[in-house]
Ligand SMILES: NC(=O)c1ccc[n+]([C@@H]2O[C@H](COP(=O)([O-])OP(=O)(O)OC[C@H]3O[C@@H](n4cnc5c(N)ncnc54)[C@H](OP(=O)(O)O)[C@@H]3O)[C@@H](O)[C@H]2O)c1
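So this first bit is one chain, no partners, the form predicted alone, shown in structure tokens.
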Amino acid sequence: MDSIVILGSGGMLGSDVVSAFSARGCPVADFDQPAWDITRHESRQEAIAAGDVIINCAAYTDVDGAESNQQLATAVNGEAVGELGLLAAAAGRRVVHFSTDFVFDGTKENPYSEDDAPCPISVYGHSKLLGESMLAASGCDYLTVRLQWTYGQHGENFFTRLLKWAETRDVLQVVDDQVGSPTATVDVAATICELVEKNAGGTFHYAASGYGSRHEIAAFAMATLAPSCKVEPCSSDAFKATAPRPRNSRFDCRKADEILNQPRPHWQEPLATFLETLK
């Protein structure tokens, strides 16, 4: 049985990945800040030496903050990932890495497949694409899984923010021109276990099935969390953000569907379960 190394183990995704592999009886070593830092060479060496499969959940995820912290975002999401790949190639290790829908500009009319050319429109998107590219060029055995709109029990997400906003507002305005699939990190973790067991390699898209606008998804959530709070639609142009967001984040996940044993759940099902934990 391969030993598993999980980087960024204390984050929203990392916590669920640790739990998923541990539940399967896999030997797991986990690393996280502040004691461990992916931007440090010695930390990367320590991770590579700790097991057979290195699963990188460490990332700079502040999309707006990346616009003014380009150097840090690039170091964490890009350069460190590439250097991790070089170390893995030299040691014969395998690397599993996570990327994002932000590597696309969101202008395509149809869902994005793995074969579509990336075209990021934000610093965050550029930093994640750099990590993908450097990992692929490193020569290591790698698997990159692009995710979108993730949520889970171990960190702040779209739904915890909605609930917080509803505490002080009777009406929430949510954009209705950004479309994608909210995806539970517990489902991502289970999927990664299966992909690792099946030695999947290259780049995959993974998201819950079905699609919804941010507004539609928020309305679904607030019907459970705060029924008295009204959710109104607005455009992205009216909701000023520091970093631009792709309007179309829909993924074509047929490549993953051909490998996975179970069909991907519709976004409403795991989200409904998660929302009950927030009430």
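Since we're looking at a predicted model, the values are computed, not measured. Counting begins at 1, following the sequence as shown.
The protein also exists as the form predicted together with the named molecule; that form is not presented, and the subsequent description refers to it.
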### Task
Please name which of the stretches 225 to 233, 238 to 246, 58 to 66, 45 to 53 has residues with heavy atoms lying within 4.5 Å of the named molecule in the predicted bound form.
58 to 66
## Note on the structure
The listed residue (T74, T144, Q178, Q148) that reaches within 4.5 Å of the named molecule in the predicted bound form by any heavy atom is Q148
### Message
I'd like to know whether M12 contacts the named molecule in the predicted bound form, with contact meaning heavy atoms within 4.5 angstroms.
### Response
yes
### Message
Residue-level question: is C253 within 4.5 Å of the named molecule in the predicted bound form, judged on heavy atoms?
### Response
no
### Query
Taking 4.5 angstroms as the cut-off for heavy atoms, does S99 touch the named molecule in the predicted bound form?
yes
### Task
Evaluate Q33 for contact with the named molecule in the predicted bound form, applying a 4.5 angstroms cut-off between non-hydrogen atoms, and reply yes or no.
yes
